[in-house]
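For reference, the chain that follows is the form predicted alone, supplied as structure tokens.
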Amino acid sequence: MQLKNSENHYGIIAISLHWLMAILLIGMLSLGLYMTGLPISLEKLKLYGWHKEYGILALLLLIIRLVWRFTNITPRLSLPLLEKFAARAVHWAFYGFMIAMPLTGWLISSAAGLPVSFFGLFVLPNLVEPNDHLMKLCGEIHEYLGYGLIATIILHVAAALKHHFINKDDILRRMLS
């Protein structure tokens, strides 16, 4: 398997970043949905801490992924124009969500006056002064971004499965091996 992308296939680094981030984001969304329904407890606070740490990890991985994406070619998409536009739009929507989700999470913590630690290695600076109104607003935005990300993941998976099982093309296989 090649390290870099080619015109017809993704390289191992792009594939690894894709699947690592997919697992991380689905885990983060699942954790977010689970922990918000819990009553206030030490367990809930621990889960919120993990959620914040892994959210910052997702942001750092996104930066690596974007650098990799812009320094490598993107494999060709042999699709009708409308499907090609939809595929590109969904990918850019993912990037938007992957930027906005951790930033709004960081804003929630900052506005609540709570530190964001990265696995105990360092603490991020607060982005804003404590502000209850801003905390609630960012919390709502973060929640709706999460629902948007879930919908985008479902659309992305459905399109990949459609290409694999109905179109019988290599779109999905390019990201599997």
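Note that the coordinates shown come from a computational prediction; the quantities given were computed from them, not determined experimentally. Throughout, we count residues from 1 along the sequence that is shown.
Same protein, other form: the form predicted together with protoporphyrin IX containing FE, not shown, and the subject of what follows.
- In the predicted bound form, at least one heavy atom of residue 51 sits within 4.5 Å of protoporphyrin IX containing FE.
- Looking at residue 36, you'd find a heavy atom of it within 4.5 angstroms of protoporphyrin IX containing FE in the predicted bound form.
- With a 4.5 Å cutoff on heavy atoms, residue 75 does not count as touching protoporphyrin IX containing FE in the predicted bound form; it lies far away.
- Contact between residue 149 and protoporphyrin IX containing FE in the predicted bound form is found at the 4.5 Å heavy atom cutoff.
- In summary, among the residues 128, 64, 29, 137, the only one with a non-hydrogen atom within 4.5 Å of protoporphyrin IX containing FE in the predicted bound form is 29.
- Although protoporphyrin IX containing FE is not shown here, in the predicted bound form the stretch 125 to 143 places heavy atoms of 142, 143 within 4.5 Å of it, in sequence order.
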